[in-house]
Every structure is written in structure tokens, then in C-alpha cells.
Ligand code: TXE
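Only one chain comes next, encoded as C-alpha cells, the form predicted on its own.
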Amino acid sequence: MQQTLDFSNVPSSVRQFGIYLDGEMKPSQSGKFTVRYSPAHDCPVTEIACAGIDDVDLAVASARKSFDNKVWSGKSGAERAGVLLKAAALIRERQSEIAYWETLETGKPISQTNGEVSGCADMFEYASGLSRTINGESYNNLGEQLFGVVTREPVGVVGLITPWNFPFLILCERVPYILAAGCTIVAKPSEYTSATTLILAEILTSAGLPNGVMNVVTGTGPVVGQALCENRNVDMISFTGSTAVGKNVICASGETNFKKLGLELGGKNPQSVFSDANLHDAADGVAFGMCFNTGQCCVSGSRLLVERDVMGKFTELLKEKLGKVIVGDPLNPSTQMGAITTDAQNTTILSYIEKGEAEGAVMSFGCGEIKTKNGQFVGPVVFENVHPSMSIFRDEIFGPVISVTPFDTAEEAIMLANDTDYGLSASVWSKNVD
């Protein structure tokens, strides 16, 4: 379940990035930087600027000035659509480059990153159409003397904080729509995976986005993220990450101007398989649900609920599927699961595997860590005999680990599925639409 790492495809030199301010790459005020090592190859790949509070203030001031001067919000929907369409075309032109650096920094398979980048271009094209159709409402039900009108206007400066597991995809699930609405942006990517966010900023400038509309500050959450949330000239924060950090974002955003918030946080998502389901199809779906992005996915299907009379048969089918999963060098096109992105996450996943065994669950498939000369890899792990009180059932592990729990009735399946502090995604496998 692994491949030999091939160092012939890694870069021969480290690619350097600054922060992105007023339409160009610039050094941070501190002049400091960090070097990102590929989690699959253990070699240095990018050099990322360590921004500070002063850099955040400059970026927000740039975004504020651009918004207040209406260099973007004052344009028509058609003009904004033209820039977004040009950006989509440039993303397609640079797809291989973007996917390559995304794979190096995240450790995810190159086949996956290529697919994600292509989908991101689609989102810019879709958003371009939305920019033309923004409209308000009118009310003539207020009596003869009154007429009501509601207009849709851009919020203002949006602080965009994105995670390390889908740095380009989640960025592009936000940026084109924020821009379509006429807002300006200060983006803060994870310090582990900043390269593709900075590449997108360059692309947007090349596509005709006015200077100062898209700014990027790189650095740590406690410094850059905190400063962005507290800055009173930021009107809204969009944050994707852990629930614990999300709580901090809520507190920080309320310290100054009660910002609007968009939060996408954690999940502990159930996959429920009923006895009447096509078990082979369900096994494919469950395997994909737990292995996609090495389980480092907020919508990962990490809890498997199976109707008791088919549990034995289904878990064997699942293990058969998982035994065919190719784990290894993410730059190899045939790889299906790559490396664990950060050292901290690797430690967390392995600790939960140990905790699961200590709590009495049975690891019936997998071994956890896959020993390689370079990089950090964890193969698929299946735990059976899992009780809802166990940590591996309740906590978000964020790795390719699934817990198996039986149920006897639909009502029990619903109860088990909802027995969680999270609420993000769920799947049901059954031929019975009721």
C-alpha cells in the first residue's frame, strides 16, 4: 500500500514569495520568512513571508481605500464579469503549475489537485454570471403613499482566512463570489500552504483586477489571523478551519465593529448503510468518503453506521476496497492517497489510533503510520466494536480513520447519526427513498 518516493520531480530550488499588496509581491515589514518542506518528500519547496500586524494594517488600508474609491464596487456587473472570466482562463493556462505547488505544499495527489484547479476555474466562470444578475427587491404593499426598495450592495472589505487542507479550492469557493459582489479582499492563507493563494493574486492582477482589491498577508493565525479579525476596517470575516479556532474568531470579530461572519468549521460525519443498499456501491462510496484528501476533510465520512445483519459482509467489502488504495508519492499520477500535510496533524491522527485501541475498539484493518524513508504517511484504518462514548466516535480526527457501529432500526440509525456536537454532512445508502 505504498510507493517509492521519486525525487526527480521535486523542484531544484526553493520558490520565494512575499506578501501581495497593491497589485504586487512585496517583502513583509519584518523581512522574516519561513521555509515550507514538502510533507511527502521532506525537501524545502517554498519560502513564505512572515507578516506581522503592520503588514495586516497596510493590506486592510489598501483594501479599504480601493473599496471606498469604488475602483471595483463602482464597476458594472458586466465589467466585473469580464475580469472573472479572464481569471478563469488564466487559471486554466496555469493549471499544471498551480496543481504542482499545491501538491508539494499539501502532500495531496497530483491527480486530485489537477481536478480541483480545473473546478476552481469553473467557479470563476459561474461567478461571472452571478455578477451580472445581482438585484434587489421592490415593495408596493405599503399603501398609496409609500414605495419600498431594497438594494443589494457589497459588504465592503472581507477578511478571508483559509485552511491548509484545500488551500486553492476553498479560496476559489470564496474569492470569485466576493469579487462578483463588488467587495475587496485581504486573504490570509495557512502558513503551511500559501503558494497558490499568492499565485491567484497574481492571476487576478493579470486579469485586470484593480490594484488593492485582492491583497494577501501570509503568516500565523495567532498573529495575522487575529489582527485581521480585530481590525475595525474589515467589514466581514470568512473563516474555514477548526471549531476551536472558529470560537476565537467570533470573539475577536466582536471586539471592534461586530463584523459579519461566515464560518465553516469541523465535522464528524456519519455514513449510514442499510441492508437493502447495493453494498458494493456503498463500499466504494464509504471508502472514498474516508480516504479522500487522506481524511483531512471537514466532510470526511469518519463514522460508519451499518445495519447489523449486513455489518460483517459490508465491512469485509470495505476492507477489500481499502486494500486496493494506493498510498505514496503524491507527484505520481497513480497515487490515490498522499502525505499528511502537517506534523501536528500527523501526531494527532496517530494519537487517536492509539486512543481507539486503548478504549477497547478493535483495529480490524490498517496499521496507521506507513514507514517510509521520507515524508509522513498514514494508511486507511478501520475500527470495529466502536461505542458512541469512545473518542474515535465523537472527536474529529481529520485523518483516514473510520469507526464502525451497528444499528438495528432506522430510528436508531438516525439517533446515532445525530449523536454529535457537529452538523456538516451525512450520507445514507438505501434503495428505500422513505
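As the structure is a computational prediction, the values presented were derived from the model and not from experiment. The first residue of the shown sequence is 1; numbering continues from there.
Just so it is clear, the following notes concern the form predicted in complex with the ligand, a form of the same protein that is not shown.
- Taking non-hydrogen atoms only, K108 never approaches the ligand to within 4.5 angstroms in the predicted complex.
- A residue is said to contact a partner when one of its heavy atoms sits within 4.5 Å of a partner heavy atom; G241 meets this definition for the ligand in the predicted complex.
- Although the partner is absent here, N332 is not a contact residue: none of its heavy atoms lies within 4.5 angstroms of the ligand in the predicted complex.
- Contact check for G254: no non-hydrogen atom falls within 4.5 Å of the ligand in the predicted complex.
- Note on the interface: of 260-268, 150-158, 273-281, 132-140, the segment with non-hydrogen atoms within 4.5 angstroms of the ligand in the predicted complex is 260-268.
- For the options A81, V245, A181, V71, the one in contact with the ligand in the predicted complex, meaning a heavy atom within 4.5 Å, is V245.
- Exactly one listed residue, out of Q95, T205, Q336, Q226, brings a non-hydrogen atom to within 4.5 Å of the ligand in the predicted complex: Q226.
- Contacts with the ligand in the predicted complex, taken as any heavy atom within 4.5 Å, map within 174-209 to K188, P189, S190, E191.
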